[in-house]
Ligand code: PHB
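Before any questions on how it binds or moves, here is one chain, the form predicted alone, in structure tokens.
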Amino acid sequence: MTTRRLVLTRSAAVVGAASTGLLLPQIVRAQSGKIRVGLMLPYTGTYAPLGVAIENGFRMAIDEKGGKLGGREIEWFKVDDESEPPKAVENANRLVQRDKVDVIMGTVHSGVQMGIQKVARESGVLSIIPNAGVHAATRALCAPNVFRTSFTNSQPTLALGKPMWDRGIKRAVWITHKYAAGDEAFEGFRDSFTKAGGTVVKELGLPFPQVEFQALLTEIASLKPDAVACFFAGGAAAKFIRDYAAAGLKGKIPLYGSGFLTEGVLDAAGPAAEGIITTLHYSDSLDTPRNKQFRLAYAKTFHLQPDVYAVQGYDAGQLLVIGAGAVKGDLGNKQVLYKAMESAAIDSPRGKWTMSKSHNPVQDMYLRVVEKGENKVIGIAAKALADSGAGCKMG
């Protein structure tokens, strides 16, 4: 009873103080405390290396600016989202309600992002997406407090149709896993290829995460298109590339794809990957001083080679540094914070990029070919490419 009475008395005192303005020193003290940063990323399972690369890049960008945000120390909170969409809302709420984070940085999996998105929209906590390309996050479910530093699922393929047409390809077959990312990647390809003058002969798909491609490869052989375009990632991408060659299609029907087809899988895919052309907003081999400097610093710090995920994490860190600097560490000053982040020009290893009105990168897409086991940049497929932001109403 005594404890409860003490709490009630203290509460009454706080209310009394608030009405007389005596709380000001406490507010100032709180403001000079640490900024609480929540990392909600996959640290186990298939996507664990992606989560680690993103966190490494994010921390590196902040460390380069003195390891503080707007002059304030950082307290870190980490949640393994396990790439499990059913756990996403609970995990995000743990960071927001229990840990009282000022910002959530995550995640990789689009299904998990939808849970974070729900919590971010309801709580108003600042949310930075370093990978998940799900359209809704910067389209119908966009929000003033949600920013993405990666791509939308259709952005790389929106740059793919024209280069294919320019190479004399008039009829193409599309193939992907049938899930949100595959469907959204198809939207970009269909729109860009048909606009250039091409025809999508057939859209083929198989349930995620199945990798039994044989029947579909037989169908492709019988359709005899000028080329195949696709969206696959990770282990499935490596197997598709190998199976495509084993089916005798390599060298007969050129293979194109969203850059994730050949990202991080070239060792696993082996010689079968040679000659595949993709479009993406980054390439390890990008020959610029900024990229070389970043790659060297990352390798020295983590004894690992950075990839597109590390770059996206790094740019998430750069964006937060800019926002926090503009408000001198007061992330509660939301109007100024969001304005600074919206108008930021990020000097990235991928090339400079800006933020669209719906808070998604406006960025160059590179044309890359697999040559001697690496994604070699052979041109720019699209300059300053923006996602449509369809259905986004900030408010």
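Between two forms, the rigid core is defined as the largest C-alpha subset superposing within 1.5 Å. This one's a predicted model, so the numbers in the text were calculated from it and none came from an experiment. The first residue of the sequence shown is number 1, and the count goes up from there.
The protein also exists as the form predicted in complex with the ligand; that form is not presented, and the subsequent description refers to it.
Asker: Hey, with the ligand in the predicted bound form, do Gln155, Trp165 and Phe189 all fall inside the 4.5 Å heavy atom range?
Answerer: Result no, not one residue of the spot touches the ligand.
Asker: Report yes if any heavy atom of Leu50 sits within 4.5 Å of a heavy atom of the ligand in the predicted bound form; otherwise report no.
Answerer: Yes, Leu50 sits close enough to the ligand in the predicted bound form that at least one of its heavy atoms falls within 4.5 Å.
Asker: Does the 4.5 Å heavy atom contact test between Gly323 and the ligand in the predicted bound form come out positive?
Answerer: Gly323: no, not in contact with the ligand in the predicted bound form.
Asker: Within a 4.5 Å heavy atom cut-off, is Tyr298 in contact with the ligand in the predicted bound form?
Answerer: No.
Asker: At the 4.5 Å heavy atom threshold, is Gly133 in contact with the ligand in the predicted bound form?
Answerer: Yes - in the predicted bound form, heavy atoms of Gly133 and the ligand come within 4.5 Å of each other.
Asker: Of Val101, Val108, Ala120, Val311, which one comes within 4.5 Å of the ligand in the predicted bound form, counting heavy atoms only?
Answerer: Only one listed residue qualifies here, and that residue is Val108.
Asker: Taking 4.5 Å between heavy atoms as the contact cutoff, choose which of Phe193, Tyr256, Phe147, Phe231 touches the ligand in the predicted bound form.
Answerer: When the ligand is considered in the predicted bound form, the option within 4.5 Å is Phe231.
Asker: Choose one stretch from 196 to 204, 174 to 182, 68 to 76, 288 to 296: the one whose residues place a heavy atom within 4.5 angstroms of the ligand in the predicted bound form.
Answerer: The contacting stretch is 174 to 182.
Asker: Within 4.5 Å of the ligand in the predicted bound form, which residues of 252 to 275 have a heavy atom? Give them in sequence order, or say none.
Answerer: Residue within 4.5 Å: Phe260 only.
Asker: Taking the rigid core as reference, does Pro144 move its C-alpha 2 Å or further between the shown form and the other one?
Answerer: The answer is no; the displacement is under 2 Å.
Asker: Quick check: Phe302 between the shown form and the other one - does its CA shift reach 2 Å or more after fitting the rigid core?
Answerer: The answer is no; the displacement is under 2 Å.
Asker: Would you say Phe208 moves between the shown form and the other one, meaning its CA shifts by 2 Å or more once the core is fitted?
Answerer: Yes, its C-alpha moves 2 Å or more.
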